[in-house]
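Only one chain is shown below, in structure tokens, and it's the form predicted on its own.
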């Protein structure tokens, strides 16, 4: 599949969506990688920059949230000869293409972070100096491929890491990420079992996730597979660059007591009611296999 080469933007926004609380270290490392390869991108995320995906049951609310976000990006990139919004979340990327940009004219192009880093892999290679001795199976999905060839892009980027061996396996599960499987009875469990089978067949010791919802589902697989490490592809790049990017979500998700692992400061920040209603059920959920 041909890789789109995006021209270097004179101004850019790194749009990381609504996942900062769960995956802050991944987002911070992603921003640092962009800066290191020469892309100075202003960060944007949270409710004020929502793509509307969480409100898809209401077309009016989704359209309003999307319009507000596009208008905000237009204002940030006003006057740029080549403005670019760099996406991280695949749902945000698809909503921008399918819903947001068609409804509200944009003065920027949209590129996924994998495309941006891949186009600058010569610069990236100079950062990746620490060996990461691992046999890695890449957690591939099919649904995002028609838009961005993320499976091959991430594979190429992981091959830049010294000491890392990428296991050659054709497995790619349906949908654009694991959240799209969760509503289909048995689909996510079947995908996870097939993934574990591929890990065993390839002698892999590491499962590298591409997207955030896949990562949240997959980290719990470590509980029953003590020799398996689950890491996001950004974690692996950061490790090779020598940057701290501890997986805080995995530590809490796999803790015997997520409440204790979150700690007093974390509980105070989240709030008791929010933790019990929104966080605790996810953190205590058994692995789906």
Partner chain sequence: MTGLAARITAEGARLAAACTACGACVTACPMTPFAPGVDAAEPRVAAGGMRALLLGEGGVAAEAVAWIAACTRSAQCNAACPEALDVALMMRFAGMRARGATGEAPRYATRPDPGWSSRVKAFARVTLTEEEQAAWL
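Positions refer to the first chain, counted from 1. If you superpose the two forms and keep the largest set of C-alpha atoms that fall within 1.5 Å, you have the rigid core. These numbers were taken from a predicted model, which means no experiment stands behind them.
The same protein also has a form predicted together with its partner chain, omitted here; what follows describes it.
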| item | value |
| --- | --- |
| Output flag, 16, 59 and 63 jointly within 4.5 Å of its partner chain in the predicted bound form, heavy atom basis | yes |
| Of 186, 79, 105, 170, the one that lies within 4.5 Å of its partner chain in the predicted bound form (heavy atoms) | 186 |
| Heavy atom within 4.5 Å of its partner chain in the predicted bound form - the one residue of 153, 138, 181, 89 that qualifies | 181 |
| Non-hydrogen atom contact residue 22 with its partner chain in the predicted bound form at 4.5 angstroms | yes |
| Contact of residue 109 with its partner chain in the predicted bound form (heavy atom, 4.5 Å) | no |
| Proximity of residue 250 to its partner chain in the predicted bound form, heavy atoms at 4.5 Å | no |
| Any non-hydrogen atom of residue 197 within 4.5 angstroms of its partner chain in the predicted bound form | no |
| Option from 157-165, 204-212, 117-125, 140-148 whose residues, in the predicted bound form, bring a heavy atom within 4.5 Å of its partner chain | 140-148 |
| Sequence-ordered residues of 269-286 touching its partner chain in the predicted bound form, heavy atom within 4.5 Å | 269, 270, 274, 278, 279, 282, 283 |
| Rigid core superposed: residue 20 CA moves 2 Å or more between this form and the one not shown | yes |
| Note on residue 268-residue 21 C-alpha separation in the predicted bound form, which departs from the shown form by 3 angstroms or more | farther |
